[in-house]
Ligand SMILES: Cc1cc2nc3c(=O)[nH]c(=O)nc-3n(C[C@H](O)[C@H](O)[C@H](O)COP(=O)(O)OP(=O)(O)OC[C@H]3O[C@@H](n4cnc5c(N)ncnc54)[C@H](O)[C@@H]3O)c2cc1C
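Before any questions on how it binds or moves, here is one chain, the form predicted on its own, in structure tokens.
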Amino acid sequence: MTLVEYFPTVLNTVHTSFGKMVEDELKRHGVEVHSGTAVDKIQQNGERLLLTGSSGFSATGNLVLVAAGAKPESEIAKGAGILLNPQGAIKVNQFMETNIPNIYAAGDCVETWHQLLQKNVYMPLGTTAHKQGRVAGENAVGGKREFQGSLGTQVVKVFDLAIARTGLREEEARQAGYDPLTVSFETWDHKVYYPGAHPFNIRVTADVNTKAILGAQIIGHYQGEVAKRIDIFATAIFHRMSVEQLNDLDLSYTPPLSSPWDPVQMAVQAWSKQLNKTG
């Protein structure tokens, strides 16, 4: 199996250091990875397909799967006079109503209200679509529910690794006008003296001035509760919690599953220590 990635590392939704870990995991399972490579042509070569690209890349195979991102299917809406954003997504308010009264839209064809950015963006996610659909459906029959927004919380499994993120990366936070500091922290997913502990890497981004958590990324073994831990960060960001408020949460502990200080709390403690050093 061969994976060709246009960006410098695979999974460009997370930091490049995490992308490199994913790349190493792919290679460990026999996947040939070509990152920073653009595919220029796919053509028939006998009974197989020939791919050629930048930097002299060439490979053959029986099947080529192209994953080039999502694009909103909104031509019908456009034809009906419904406004679209520059990405072609249907423009909606937080009631999921279009510019035409009593016409609602939801899902991957619409724009999404971003909780931290406080503006609409195009960010198609299954969890978001379900929430928007419930809001649109309720309002279509006379309700008045508002979609509360998304943080882009997501998780993916790649062989034995789970990789997750929520909120903003440092560069995104800076562009949005925050004063972000990002700290990387490595620990174990549970007490190391209990069998089966795996390395656990967390990146925390928070605002230097307000100490509000802005984003987090986690990579670890898929049995290490990565999804649970990113959801803690997502909940904290949703409720505008600071690093200290997250540190005060009463989180569960038993040696096979965690530590007295959960890894997410150890990560924000590392963030505070780094801030004290630099500030």
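All figures in this text were calculated on a predicted structure; none of them were measured in a lab. Numbers follow the displayed sequence, beginning with 1.
We do not show the form predicted in complex with this ligand, though everything after this point is about it.
- Partner proximity in the predicted complex, defined as non-hydrogen atoms within 4.5 angstroms of this ligand, places exactly one of 138-146, 171-179, 104-112, 185-193 at the interface: 104-112.
- At a distance of at most 4.5 angstroms from this ligand in the predicted complex, none of the three residues L11, G61 and V64 contributes a non-hydrogen atom.
- At the 4.5 Å threshold, heavy atoms of I76 reach this ligand in the predicted complex.
- In the predicted complex, this ligand stays beyond 4.5 Å of every heavy atom belonging to Q87.
- For the chain shown alone, Q94 is not a contact residue for this ligand in the predicted complex, no non-hydrogen atom being within 4.5 angstroms.
- Contact between P72 and this ligand in the predicted complex is not found at the 4.5 Å heavy atom cutoff.
- Proximity to this ligand in the predicted complex, defined as a heavy atom within 4.5 Å, singles out one entry of A129, L117, A197, I82, which is A129.
- In the predicted complex, the residues of 109-126 lying within 4.5 Å of this ligand by at least one heavy atom are, in order, P124, L125, G126.
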